[in-house]
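Quick heads-up: it's one chain on its own, the form predicted on its own, in structure tokens.
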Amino acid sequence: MNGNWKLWRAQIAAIMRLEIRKSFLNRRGVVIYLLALMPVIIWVLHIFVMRARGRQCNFAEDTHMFAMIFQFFFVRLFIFFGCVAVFMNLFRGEVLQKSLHYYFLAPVRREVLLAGKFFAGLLAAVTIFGASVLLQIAALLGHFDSTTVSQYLYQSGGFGHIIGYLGVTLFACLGYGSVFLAMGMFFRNPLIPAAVVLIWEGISSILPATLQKITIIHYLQSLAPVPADPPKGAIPLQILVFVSDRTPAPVAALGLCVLTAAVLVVAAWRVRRMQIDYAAE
């Protein structure tokens, strides 16, 4: 059994290297990089506009605005669509390119193939969007004086906030990634169920508290280090980012891990029974 584990680990590592090189170091990865760069561009433009107008940025307002942009735009849109692009193509893309049979003919268990592809997608997504978070924070802090930045990092829990934002990014890629990986295996046109998930996640804040607990965004917002309270009068934003009852962070993290494990078990069941019929595509 120990020998099998060593073999499976080696095979997973080999599949991950192949998938990252094939899928994320070529033109197919351009969309993902653009999605990750867009919020960074937003912050750079914000700084440029403020300086062009001769106005001084307010640190408290900017950090609060960062929390809003992170939860409303970055997680709900950029990471969401990034995970659609990354994980739906792991199997669906192979079918469309008529190359999946090469994997199935190799002496590799299909569950091992699934694990290798999922971890490759997860590593790529977390690396790309995690780097985006760090670049956004660097842009946010870069135009303030060193005293203000030092006070934020060392006295106001800034380092904890940064780790928290990176943690939310990780769990967002984990939860959405597993769901979209499974969708790419079950549906011939997975964009339709992805649109359904987008709508469901978008209306989560207006759902009853019980139904909110079966959305991914509820747990991600519960993990966010800074609550995103929209300004008074911004009714659409108040509705979209409102969390009626935040789940404790350890419970939220555990819930997302359980969801991911459950979805991957279903995906493993599917991949074991998967038949290739390129003519039907």
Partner chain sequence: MTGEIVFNDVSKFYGDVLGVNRVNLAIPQGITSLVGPNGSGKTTLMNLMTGLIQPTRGSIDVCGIRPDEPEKLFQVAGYCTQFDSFPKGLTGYQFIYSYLRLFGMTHADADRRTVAALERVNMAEAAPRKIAGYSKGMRQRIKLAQAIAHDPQILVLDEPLNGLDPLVRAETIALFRSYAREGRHVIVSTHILHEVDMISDQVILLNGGYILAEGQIKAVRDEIQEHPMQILIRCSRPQSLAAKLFESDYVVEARLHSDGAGLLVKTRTPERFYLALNTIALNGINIETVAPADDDANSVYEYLIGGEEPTR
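All values derive from a computational prediction rather than experimental measurement. Numbering follows the first chain given and starts at 1.
Quick note: we don't show the form predicted together with its partner chain, though the next part is all about it.
- In the predicted bound form, no heavy atom of residue 150 sits within 4.5 Å of its partner chain.
- For residue 156, no non-hydrogen atom is located within 4.5 Å of its partner chain in the predicted bound form, even though that partner is not displayed.
- Though the partner is left out of this view, residue 107 does reach within 4.5 Å of its partner chain in the predicted bound form, counting heavy atoms only.
- Interface residue remark: residue 14 is counted as part of the site for its partner chain in the predicted bound form, having a heavy atom within 4.5 Å.
- Of the candidate stretches 174-182, 80-88, 96-104, 121-129, only 96-104 has residues whose heavy atoms lie within 4.5 Å of its partner chain in the predicted bound form.
- When contacts are defined as a non-hydrogen atom within 4.5 Å, all of 18, 22 and 273 contact its partner chain in the predicted bound form.
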